[in-house]
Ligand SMILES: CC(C)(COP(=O)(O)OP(=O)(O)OC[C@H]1O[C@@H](n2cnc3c(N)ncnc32)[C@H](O)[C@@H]1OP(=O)(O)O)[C@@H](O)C(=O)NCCC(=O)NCCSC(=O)C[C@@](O)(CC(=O)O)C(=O)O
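Coming up is one lone chain in structure tokens, specifically the form predicted on its own.
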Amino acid sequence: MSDAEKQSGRERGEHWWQTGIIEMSPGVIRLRGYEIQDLIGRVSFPAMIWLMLRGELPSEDQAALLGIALGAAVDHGPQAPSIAIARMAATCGVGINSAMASAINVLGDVHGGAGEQALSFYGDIAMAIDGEAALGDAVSARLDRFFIEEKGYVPGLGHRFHPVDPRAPRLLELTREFAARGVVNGRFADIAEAVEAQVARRKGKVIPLNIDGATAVIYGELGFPPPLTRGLFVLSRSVGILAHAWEQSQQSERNKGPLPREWLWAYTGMPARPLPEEGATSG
């Protein structure tokens, strides 16, 4: 093979995968252009997440607010399907990675996707405001469309367990504090509170903002697109998943199912019946 052919092959190989995230060669690791040894000990984990996803380092306040949102959603107990699955997987004798993967794989549209849905909803309202609509009119129009076309639960509101999700008011309070310092502008907090207020008027009762709606506010304020909020939730909940998988792996139970042995499922099939005699046909 000629030198020209070798060079051509090397160039084709180098372009097989292309990335602007990492540059790596023997003795060299650069993330988004920064030497890894310069980042280590100087950049926090939330700031590293920001850098990897956005390509630039955040300010200290931006990283702090991102860390607040991530920290708020780390766990919601074994009644949350992802946590229960992590614990059940651990009782089956699989390793930590398998238990975590089992749990993460159920973080879908219903369990884990509401933050993305909420931010998309808020984003539609923000676009209408950018088009000169007043906040109240933009919220009203989006809710009208939701109840006509989409129905179901308004994303980011209500909780099946908590009358008031204790995480949400604190997250909104902190968002307002960061907005007062000019870190964010507070528009998504305004939108979320306006949605909550209009839904209360329509329903005749308050359906409070939940963790998904509140973290969507923060991710929106920080400029993250809706699809990334689901990934950020996975990062956050992975902490709880890891903790529960590890705790369960240190206990003695094996093959621990979703219900205690004395609480069996409701059987709704055929009653007990004899097997047909040999040669007989059914029906």
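Quick caveat: nothing in here was measured; it's all calculated off a predicted structure. For every residue, the number given is its place in the sequence shown, counted from 1.
The same protein also has a form predicted together with the ligand, omitted here; what follows describes it.
- The shortest heavy atom separation between E132 and the ligand in the predicted complex exceeds 4.5 Å.
- In the predicted complex, N210 approaches the ligand with a heavy atom inside 4.5 Å.
- Among residues of the shown chain, R202 is not one whose heavy atoms approach the ligand to within 4.5 Å in the predicted complex.
- Taking non-hydrogen atoms only, R181 never approaches the ligand to within 4.5 angstroms in the predicted complex.
- Within 4.5 Å of the ligand in the predicted complex, a heavy atom is found for none of Y34, L51 and R54.
- In summary, among the residues H159, R142, R187, R87, the only one with a non-hydrogen atom within 4.5 Å of the ligand in the predicted complex is H159.
- Comment: 103 to 111 is the region of 132 to 140, 103 to 111, 173 to 181, 88 to 96 lying near the ligand in the predicted complex, near meaning a non-hydrogen atom within 4.5 Å.
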